[in-house]
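Laid out below as structure tokens are two forms of one and the same protein chain, each shown alone and named structure 1 and structure 2.
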Structure 1
């Protein structure tokens, strides 16, 4: 398994550094990741671990456990509250279930583009979103790209919002996803990421929604027939560490962790961009019909009820206005 390889590399680096600098007390850090080892998020997390180990002279040895080996996102979020896991990359919108203000980054069509999204999360709004995570024992150090999520189906193509109605669509287990799918009249079916492939195969669900790299990494393109590029959700993913760990760090180490996170995000975003293109090609090559949505406005209009459901307090409204004001 890949993480053992990189763990060995980090341990060897730590040992080599210890030989030069004298004995160091290494602190192992456990990282949670839902994706397979060669996914852009996974490679970003590996980079984060390597940089932290290197720049702290092996005093911290982060290792990432891929493929949801440490549980699904909900379980991992829970484990972070009692420091069972030290760092992770979480879907920002899914964090809305533990830190309500985070729902704002999971509102359908809230970001105008990838550039707009990064201008928001890399700026002062991102800093405030990180502060909102404190009660959940998390600090967000950097943000990763997760592209845009679109619907895909096995039998019935989706060309207009009305085509979603009545279809049993898998969504991640979080309010923003359920509300988005239900706004279009779908029979929203929350389920863990790993369960989607067999459920598509056996007809337990009619479809799901995700970005092209995830469609391919989970082999969903082998069982679906239609992929509708409605791009209803563009949700950034947060590289978080526990607040317990963060508060225990010296100022110098905080800077090392933050810089390592930002550099890992730079790599992840570059890899993401490349993967998005190759993934869409792979989906087409598998014979899936790509349905372009020239005018997304009918989908945007249909999201009114999701906004009403998700904007539950004035704080989310303030965040929404601030996001809209960012260029």
Structure 2
């Protein structure tokens, strides 16, 4: 009975201390996102926040700031190094600026299909890519789908690499886009996005490249005749948290965060696929001929010069071989 009485006193004392301390204070987490609130990535991030808040009983409350409200990607990456931002979704290839090995996911034709990309990033290679982010104070918990960029033209259809040669193709002003187009023999033409539509109309350029939803949102499908699904760039986006936050979590909370991230990625991928299918239907309805590329190998073979230019770190070459080995 004496032992029982002592135990009761301990329990009552613990309860009294808990009452004095009050409920555990919620920790607010700031998330960065470049996209508008109704974009698939944005909805995926909102899902991540909801799941974390729910499953930690409000101990962590992630809130996402959309539309680059907290700055552009470069600024957001810098903020993550000193914990000014707690989580974000970043373009995987652009993360190569802080972790050179990540440039591998931005190489042209590095992924054979969407399924291949998911098999890579959801598997052992994806874990190793996440490890490369540690010096930049990041941990990748899941990977989102950003679709694939393909060529579209006004007059001359593209069915083989030879059809690209000599065409004036608008590309973003970044090395990877220029190198990809030039490897196929195109006259790569960096140009501000707002200038593309009138330039297609007036013949200043012969074509451009982008994913289906972007072709529709910019109304480029109204002025082009051909859309070739060569899918030369398919770059995943990484849902990352700061390593500082990750290291502070208990094993139980780490599991909650990771499972929430994976579930958010499942939602985002589904929403992206639906958006892509809707966009392709709109492109077809506008009278644009959709050209399926049954054999992409000739396009891949043309990338030798681009790869020599873009593979600037030995780790990129190692990861490239490992990605190619994934089925």
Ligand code: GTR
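Superpose the two forms; the largest set of C-alphas matching within 1.5 Å is the rigid core. Positions refer to the first chain, counted from 1. Remember, predicted model here, so these are calculated numbers, not experimental data.
- Comparing the two isolated chains, structure 1 is the one taken from the form predicted together with beta-D-galactopyranuronic acid; structure 2 is not.
- Relative to the superposed core, residue 211 shifts its CA atom by 2 Å or more between structure 1 and structure 2.
- Annotation: Cα of residue 100 displaced by less than 2 Å between structure 1 and structure 2, core superposition.
- The rigid-core alignment places the CA of residue 65 less than 2 Å apart between structure 1 and structure 2.
- Lined up on the core, residue 158 has its CA atom moved by 8.5 Å between structure 1 and structure 2.
- On rigid-core superposition between structure 1 and structure 2, the C-alpha of residue 306 is found to move 2.7 angstrom.
- Here residue 179 exhibits a Cα shift of 4.6 Å between structure 1 and structure 2, evaluated on the superposed rigid core.
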